[in-house]
Every structure is written in C-alpha cells, then in structure tokens.
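Only one chain is included here, represented as structure tokens and corresponding to the form predicted alone.
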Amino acid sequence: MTGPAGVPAGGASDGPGEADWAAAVAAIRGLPADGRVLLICHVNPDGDALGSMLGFALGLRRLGVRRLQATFPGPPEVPEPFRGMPGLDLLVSEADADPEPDLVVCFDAAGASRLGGLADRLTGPGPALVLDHHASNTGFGDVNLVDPAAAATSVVAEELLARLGVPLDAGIAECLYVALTTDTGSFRFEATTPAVHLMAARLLATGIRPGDISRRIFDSRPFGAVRLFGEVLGRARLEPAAAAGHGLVWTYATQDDLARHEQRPYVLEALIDSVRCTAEADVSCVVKQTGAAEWAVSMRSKGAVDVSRVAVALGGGGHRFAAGFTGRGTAEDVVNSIRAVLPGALIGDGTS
C-alpha cells in the first residue's frame, strides 16, 4: 500500500491489493446521482474512528455526494475532545440512520459486532466497504480495505480519497490528523513510521494548527476527571510475576466512580496512558465498568506480550501492542481471565 505521493503508507505490503482498491473506487464512482451513503464507525468511537469517518465524509462531499449520513451505535454522544471537529453536522443518531442506503462504508471496526444495531445495514441493497487497520478484522464487508501495517484507519481513508481524486483541504485534514495522532499516541507508539510523519506533513500543509488540536484532544480534561483519575490510579495493582515475569499493572473504574465525580464514560479512555508508564510492567490494563457485570477492557504492551492474542482469546481484538475486549463478572474475574491467557501471548515464544 502506498500513500498519495507513492511512499509506503504502512511499512508493509500485506494490505489491500490493487483489485480491492479498484473495487472500492468503482463502488463509490458507481453511485447514482441521488445515491445515499451511510458511514458507520464502531461503538464508543475514539479519535481514529470518528476522524477517519468524518474526514472521509467531507471528502465524499467534495466529490459531489450530497446524501450523506455518518453514525455510530449507541447513544449519540460525541466525547468532549472531539466536539470541535469538522463534519459533525453529518452525524445522525442510530435511530435516524438510513435503513437502506445505496452504499455503506465502515471505519475502524474489526468485526460486524462492533457496529451494534447498525450491523443490519451490511445486508441492505447496496455494497458495504470496510476501511480498517486491525489484524483481527474478520473481512465482513463486500470490499475490505484492511491494512494491519497502517498506523491508523485514517491512513487507509487518505489513500482511498487520493485514489478518488479528492484533494485535501483543512477540514478533511483536521479530521484525519486527529485520527492519526490518536492512534499513534501523538507519534510515540511503535507504529509511527517515516510514512506516518510524511502523512502528517501532508495534512499540516493544509494550514491546520497541530498545537490547538493536540491541546483539545490530549491536554484538556474536566477537573472532576482529574480527581477521578487520582482515585482510580490510587487502587492500581502491580503484579511483577505476571506474564512470565514481564509484569502486569492494572486498575479498574466503576460506574459509581463516574457518578461520584459527575463524569461521562469517555473520560476514562485516556486513563490507560497514566497506567502504561509503569516501569515494572510490560502489560497494562484498565477495566471500566459498563453494566452491572460488564466491563470494557483496554490493554497495552511495551513489546514482550502480544495483547491482541489475549484480546482475541477473550472475545475481542486489536493490535499487538494495543487491544481490548468486553469482560463479564467482577473486575477481579476479568483480570483473572487475562492472567490465565498472558503466558501464551509472549512474543518470541515460538507461537507469536
């Protein structure tokens, strides 16, 4: 896969083939003049999901597509850090999403289950395109543009826009930049290749202001969230012997914690960054309560453990160094399930 200037976009060649790109372009170019397009990203959208979807939506608008909707499953609440993004006027609730679009485009979802009640749109009258970068992607679309070597789904979205002849403008670029910086941890994670910086340069050349974007996305947090983080970090546990001695650090946050500090669930997404810096642990984990006995689990690895193998074994997915799943029971039950799988997920043990 290559970027618009012909440079490698993800660092490997095991992504979409030319036939896949051609099929995606044909599906979009083949829309009728009044064709309806529904763009969907995964439940509880993060910066890459929202940014890739909205950036691509703005690109389709530039291409002349007028009947556009963007949506995601669940409550139609956009996390505060993303509420200044261009393209938000295209968002509709799950209930208002077109039931029979002429084209469906899915973003950053490794499987149809991540689309919740919107998954039925995949079997409608129009084709379904999938843009993603998760190695665990199930290939659930009619056309699958999945590049596990890409640092973010926005890399795939930018490539497809380039193949459609859509030039970058500041609105598209801001959305894709939010996506790229989110999934690379502000260019700190292992997926940050020279091609990632070249893409960032293309986006910055449109005139967007990276300092303003970074402050809004990474450096703005309600005071209630600051106090919540202090409480949740205070109960963190370090297990040096876990993962065959590579170490595990974990903590959990309950719905009562959120209510007590009057915070919305999205604020917990950034908590993993405060946990993963623990020097004595390769694997970090945050267990976030979403229901009476249900927990959303975020995991990170510094390199000794493939956390995507842990997540897949427990019904989730992700990447080697960042993955997640939904756990059930108590927080301790969920962590017990992780401990049990960790020894088989070591990198370099002959099975990774």
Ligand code: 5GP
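Position 1 is the first residue in the sequence shown; the rest follow in order. Please read these numbers as outputs of a predicted model, since none were measured by experiment.
One more form of this protein exists, namely the form predicted together with the named molecule; it is left out here, but the text below deals with it.
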In contact with the named molecule in the model of the complex (heavy atoms, 4.5 Å), from 28 to 36, 64 to 72, 50 to 58, 312 to 320, is stretch 312 to 320
Report yes if all three of 134, 298 and 325 come within 4.5 Å of the named molecule in the model of the complex by some heavy atom, otherwise no.
yes
Can you pick the one in 98, 102, 269, 257 that has a heavy atom within 4.5 Å of the named molecule in the model of the complex?
269
